[in-house]
Structures are given as C-alpha cells and as structure tokens.
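First, one chain by itself in structure tokens, the form predicted alone.
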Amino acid sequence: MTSVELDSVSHWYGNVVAVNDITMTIGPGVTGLLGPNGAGKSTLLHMIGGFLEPSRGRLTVGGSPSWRNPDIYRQIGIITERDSAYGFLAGAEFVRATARLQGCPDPAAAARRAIGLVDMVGPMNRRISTYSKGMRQRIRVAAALVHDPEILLLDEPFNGMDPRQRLHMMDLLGRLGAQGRTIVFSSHILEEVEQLSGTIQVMVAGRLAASGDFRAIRRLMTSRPHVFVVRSGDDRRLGAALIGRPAVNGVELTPKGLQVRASDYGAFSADIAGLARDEGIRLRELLPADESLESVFAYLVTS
C-alpha cells in the first residue's frame, strides 16, 4: 500500500507562507482536506503531486520524494482546481491521449474503462467545449484514473456537479478508497467531507488545525460557543426568559433582534422553540450569526 508522509513541511511564495510546518501521514482510504479558501490546501496537494518543492521539511510518496521524481506519476492521478481539459478534443480523445502519455499498453481499452467509471460513455464522443462544468470535471477524473493509479489527488472535485453527478462521484471515490487506494480530496464544504471521509485534515492559514476521525472533530466543532440572532413577537420578554437557561451564556437586545450566545448549538435550537411556546411568544426568525467555516476553524485553532 502506498502512503504519503509529510515531516515538518512548509512552502512559501516570497514572503507569503502558504503551508506552515505540517506533519501528517496519509494512508489508503479517503482523506479529506478541509479548510476555507486560502488555507493552503491546493499548495499541499501540489507538493504531494510533485509540482512544487517543499521550502522546508521532507515529503515522500511511497518512500520516495515527490519533487523531481517523474516515476511517481505512474502511481498518481491528479485533478487540479484549474480546468485543464482541451475543449477542441472529444472526451474520449482526451482520455486516450492521457492513457498514451501514461504508457498504457492498450490506450483505447484503458480509456473506455475509465470513462465508464465516471458515467460518461454517452457523451464521450462530443467535444469537451460542449460539456457542462460537471461533465468536464468527470472527464478529467476519467483521465486521472486511466492508468489505474494507487494515489488520487483531487482539488475541489465536486465544483460544478449537479446533485446526481455529485452522488455518483462520491460513490466512486468511496469504492476506490475501500479497494485500498489512497485518495486525498480538498473541499471548503463541510458536508462534502462529512459524507465521504472518515479521516480529515483541517487546515487554517497554512497550518494543521485538527486531524483524525471526522466524528470527533465534528463534535468539537458543534460544542464550540455559538452566536444566534433571534427575532420574535416580544424580544425583550423572550430575552428575559432565556437568561439562565442551561445552553445560554448571554443575551443582548439589539436593533436587529436578540443576540444570543449559546454553548451548544443543538440544545439551544431545541430549547428555544419550547420556551417560546410556553411563554406565548411567536418566533419569527432564528439565524446563526457565526457559522462561516472561517469562524469554525478559528475556534479549532484556539482550541
């Protein structure tokens, strides 16, 4: 089984540090790189893929450095975030060309197999320029899979896919991971990582903020302090009733409604509905005020 090892790896562009002192081991199965835009996920994938040299530290794929090591491309399939498919080619031509570049003994057969995996047999003879964004993503995944790599690196792979395409791709990646391949994909969408990955690496501002089993990290995320904006038929009376409730840490009356600081997202959401009913107060709106990924990850960093 091929694994990826990073030991105190950093990369900087001039004075900008994109990846900062990351140590991790990525083995067979599906691993999600989760983080807001600009967290360093793409830079990390590019270093694993051999496109960038670590500025410091050691990075190996299957025990060998990935930088300036063309042999690893027999083991790796990669999808960058930037669309790199040639629009003037038919989908099948693009995948066959990749198969020839990879030295597949029967490029046509390898292309048919890979195109079938991504459910693109029907439109495979159309020009890529006529494809939707989701179709372009899938034909690029076919090209990355055409040589049956042990490692698959995917940068925001679900961009542009409709719900059906997304579910099909998630099922495919899950099956490939279960077969023993090492799959690493990046996303800034929590739900994508939750559905596909058991193991996640959470990146914030180039650093590794959390690592390991998704369920444990999710519990940490949901137990952090939360801020809600509540609008009701009587904000002042509702605010007085909320003070002292177990899940409530503070209440402030503002022009936009009540601002409530809660210690537990689920407990507060369930409690306020019953409380409003008991007090005879009509709830009009309940909005989380700090649910951006940036705020979640900032909490993980300070934890």
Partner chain sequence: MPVYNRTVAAITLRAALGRKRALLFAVPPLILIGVSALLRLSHPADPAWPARILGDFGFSVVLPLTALIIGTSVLGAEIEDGTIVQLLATPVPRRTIILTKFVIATAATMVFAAVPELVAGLIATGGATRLAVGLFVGALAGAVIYNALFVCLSVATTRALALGLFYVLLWEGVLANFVGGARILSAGHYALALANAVARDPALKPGVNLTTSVVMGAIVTVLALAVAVRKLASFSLRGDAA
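Values in this document were obtained by computation on a predicted structure and should not be read as measured data. Residue numbers count along the first chain shown, from 1.
From this point on, the text means the form predicted in complex with its partner chain, which you will not see here.
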Thinking of 210, 228 and 273 as the candidate spot, does its partner chain come within 4.5 Å of a heavy atom on all of them in the model of the complex? no
Heavy atom within 4.5 Å of its partner chain in the model of the complex - residue from 117, 152, 92, 85: 85
Proximity to its partner chain in the model of the complex, single hit among 232, 165, 80, 199 (heavy atom within 4.5 Å): 80
Quick check on residue 189: any heavy atom within 4.5 Å of its partner chain in the model of the complex? no
Residue-level question: is residue 46 within 4.5 Å of its partner chain in the model of the complex, judged on heavy atoms? yes
Can you work out whether residue 68 and its partner chain are in contact in the model of the complex, taking contact to mean some heavy atom pair no more than 4.5 Å apart? yes
So in the model of the complex, is its partner chain close enough to residue 57 to count as touching (4.5 Å, heavy atoms)? no
In the model of the complex, segment of 265-273, 233-241, 34-42, 250-258 with a heavy atom within 4.5 Å of its partner chain: 34-42
Residues in 95-109 that come within 4.5 Å of its partner chain in the model of the complex by at least one heavy atom, in order, are 97, 100, 101, 102
